[in-house]
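Take a look at this single chain, the form predicted on its own, given in structure tokens.
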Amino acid sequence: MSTTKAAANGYTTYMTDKLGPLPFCPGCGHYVLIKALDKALVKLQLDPKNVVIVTDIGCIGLSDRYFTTNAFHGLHGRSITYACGLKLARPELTIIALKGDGGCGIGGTHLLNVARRNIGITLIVGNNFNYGMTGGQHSVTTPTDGLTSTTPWGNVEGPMDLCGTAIAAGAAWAYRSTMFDKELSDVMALAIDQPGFAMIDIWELCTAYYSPRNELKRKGLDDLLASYNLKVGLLADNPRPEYSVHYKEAYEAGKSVIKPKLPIEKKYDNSVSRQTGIVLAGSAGQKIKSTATLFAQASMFSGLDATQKDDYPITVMTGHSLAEIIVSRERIDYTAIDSPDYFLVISEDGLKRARARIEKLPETCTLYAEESLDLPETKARVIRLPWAETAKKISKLSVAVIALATMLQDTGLFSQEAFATAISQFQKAKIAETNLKALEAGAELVSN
């Protein structure tokens, strides 16, 4: 019958018969699991509109459409991910993820992280030791010597203890059971009622593939549990703050320390007539990226659109650092710089990285370079400048500001005042004080 709300009795089922009977093989443990889940929901009397059953690929993934709750069905191994996303977006919802042992193997990292974070979903695993939907291949829980379509000689791997793995990762509540547990619906209700992450690993019989190949029956499940010294029942009950609640509390407590971003509004004029590309090549540790950002912000104060693309190695404070800046009065749809208008080379690292590009620079480009560098042959107009010596008098960390100030003074793309405004607004006062001196020094190099 369809779910109905009777005045006296409440919800009598959370399942619908409109699709016919459940689509499982005769004797399949998934049938028992799904019926137990329905009883658990009836016991809890949750509003179906506030319940989401999440599944992924696998035999158990056929079941969500038979419930009159909300449902979400996705890729194999990803039901935990979807469930967590739903819980974080809508913490008031009750989220139940149904998963097979195959999905636990494919999405193993998701199991580890939901346990570690304690996100408040309930995970119910239909564990039948193989991939039943695709022909009975072995999974991460297939017992050693187990016969499957991919291990016809017997599985040589050891099975994964799903509950043990989750508990080791920090699961607050974990329970192991079998499809023959008469208290299964009560256990599910208890799990669903937990405020944090709760997991039930239910050992089942796959009557299509695993059970026939291995002559596995009810006693065989008990024997397997005993052979691996695995206990059934409640294995972990360690309440701790649920992730979404804890995250919200931390956010609210720390919100006051987050400074709002100040707006960038046009304050100055510019003389840019077309989309202009600028390349700044230096070394890691010379503040190339952050200075390029300040320059781009300065252009925005001057009424221009700007983009920035950076190039640097995975290492920190060693190697090259390049920044490409585009400024334009119009919208910038193409953000690569095929032919730079201005190229600034500050250090040997930058020169080494950009040498091939410098050799191909056209006559229309102006190349500004630290005077100590040995430049390759180029068609670009070359201007050499004592940036390194100038920086020694102020700060070696301000060399990129000096270089861009030089280029800005020489080209007049926009005013030095715009650059100064960006420095003052977006940097700490002490750093800004140094960089404002660097700005003035860089401009003076081409003012005389």
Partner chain sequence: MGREFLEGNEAIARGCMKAKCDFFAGYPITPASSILHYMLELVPQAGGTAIQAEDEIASMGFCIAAAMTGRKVMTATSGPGLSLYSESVGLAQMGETPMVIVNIQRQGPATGSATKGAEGDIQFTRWITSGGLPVIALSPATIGEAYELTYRAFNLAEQYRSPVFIMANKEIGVTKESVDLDAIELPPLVERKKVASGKDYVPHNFNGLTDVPAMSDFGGEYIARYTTSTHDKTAYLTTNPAVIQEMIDHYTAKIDEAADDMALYKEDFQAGAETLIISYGIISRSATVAVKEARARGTKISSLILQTLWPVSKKAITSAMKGIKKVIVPEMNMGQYCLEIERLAPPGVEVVGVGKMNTSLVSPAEIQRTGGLL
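We call the rigid core whatever largest set of C-alpha positions still superposes within 1.5 Å between the two forms. Residue numbers count along the first chain shown, from 1. From a predicted model like this one, the values you see are computed outputs, not experimental measurements.
Keep in mind that the form predicted in complex with its partner chain is not shown, yet the notes after this line are about it.
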item	value
Heavy atom of residue 263 within 4.5 Å of its partner chain in the predicted bound form	yes
Interface membership of residue 154, its partner chain in the predicted bound form, 4.5 Å heavy atom rule	no
Residue 117 within 4.5 Å of its partner chain in the predicted bound form, heavy atoms	yes
4.5 Å heavy atom contact, residue 57 to its partner chain in the predicted bound form	yes
Residue stretch of 165-173, 241-249, 226-234, 198-206 approaching its partner chain in the predicted bound form, non-hydrogen atom distance within 4.5 Å	241-249
Heavy atom within 4.5 Å of its partner chain in the predicted bound form - residue from 363, 338, 215, 377	338
Partner-contacting position among 285, 303, 158, 135 - heavy atom within 4.5 Å of its partner chain in the predicted bound form	303
Stretch 294-315 - residues with a heavy atom within 4.5 Å of its partner chain in the predicted bound form	296, 297, 300, 303, 304, 305, 306, 307, 308, 309, 310, 311, 312, 313, 314
Residue 339 C-alpha moves between the shown form and the other one by 2 Å or more, core aligned	yes
Core-aligned C-alpha movement of residue 425 between the shown form and the other one, 2 Å or more	yes
Core-aligned C-alpha movement of residue 129 between the shown form and the other one, 2 Å or more	no
